[in-house]
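Have a look below at one chain only, the form predicted alone, in structure tokens format.
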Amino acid sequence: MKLLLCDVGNTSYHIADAKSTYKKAVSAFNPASITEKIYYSCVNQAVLKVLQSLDNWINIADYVDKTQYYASMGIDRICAVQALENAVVVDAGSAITVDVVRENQFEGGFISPGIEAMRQTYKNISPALDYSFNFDLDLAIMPKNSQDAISYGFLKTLYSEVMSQNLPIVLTGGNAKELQKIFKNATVNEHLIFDGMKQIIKKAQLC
């Protein structure tokens, strides 16, 4: 199945063709430069208005059965869930989203600040807390220094909630590989949203 796909976020167009994937900055890319049929998911409301005016850009959200999701759930998260049967999906981008799918049914999820946003939060509390996160710390041991203390406060909460689901863990998003140091048995799938888009297209018999 030859497809042209695009996942549009707040900062970039992530495009996949038959051979490769690549990114274009939202601020610089003109979507009208693509004249082929292209299926897209988009969480950027300003870009969405532009894409809706282009006949060859097909919104994947129009072909999703939304009855098992809540109304404001992002189409990127829905696509990721659609790609899997049993898993906890952790999408580590500007925000970290965690979604649980069990036996092909979405059970719910949550959103927390992303790694950079959380680092800035600590910094805003006090310059003394301006540290990068230590993804190599042992979460079984209470910290005895400031860097590990803020790392533990952020990462242990995330780790505990994800692990409590007793499901395979799939990581995606720009910071997936950092989180793999914490979730050592997790799978990293950088194309998870595209995999979900393909599933939606197949179910809707669009190609």
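Numbering starts at 1 and follows the sequence shown. Model, not experiment: these values are computed from the prediction.
There is another form of this protein, the form predicted together with another copy of the chain, and it is not shown here; the text below is about that form.
Proximity to another copy of the chain in the predicted complex (heavy atom, within 4.5 Å), stretch among 50-58, 65-73, 29-37, 166-174:
Flagged stretch: 65-73.
In the predicted complex, does residue 181 have a heavy atom within 4.5 Å of another copy of the chain?
Judged by the heavy-atom cut-off of 4.5 Å, residue 181 is well away from another copy of the chain in the predicted complex.
Whether residue 150 contacts another copy of the chain in the predicted complex should be assessed with a 4.5 Å heavy atom distance threshold; does it?
Residue 150: yes, in contact with another copy of the chain in the predicted complex.
Is residue 135 close enough to another copy of the chain in the predicted complex to count, meaning some heavy atom within 4.5 Å?
Close contact is absent here: in the predicted complex, residue 135 is far from another copy of the chain, nothing within 4.5 Å, heavy atoms only.
Is residue 130 close to another copy of the chain in the predicted complex, meaning a heavy atom pair under 4.5 Å apart or at it?
Residue 130: no contact with another copy of the chain in the predicted complex.
Can you tell me which residues in 114-148 come within 4.5 angstroms of another copy of the chain in the predicted complex, by heavy atoms?
In sequence order, 114, 117, 118, 121, 122, 125, 126, 129, 142, 143, 144, 145, 146 come within 4.5 Å of the partner.
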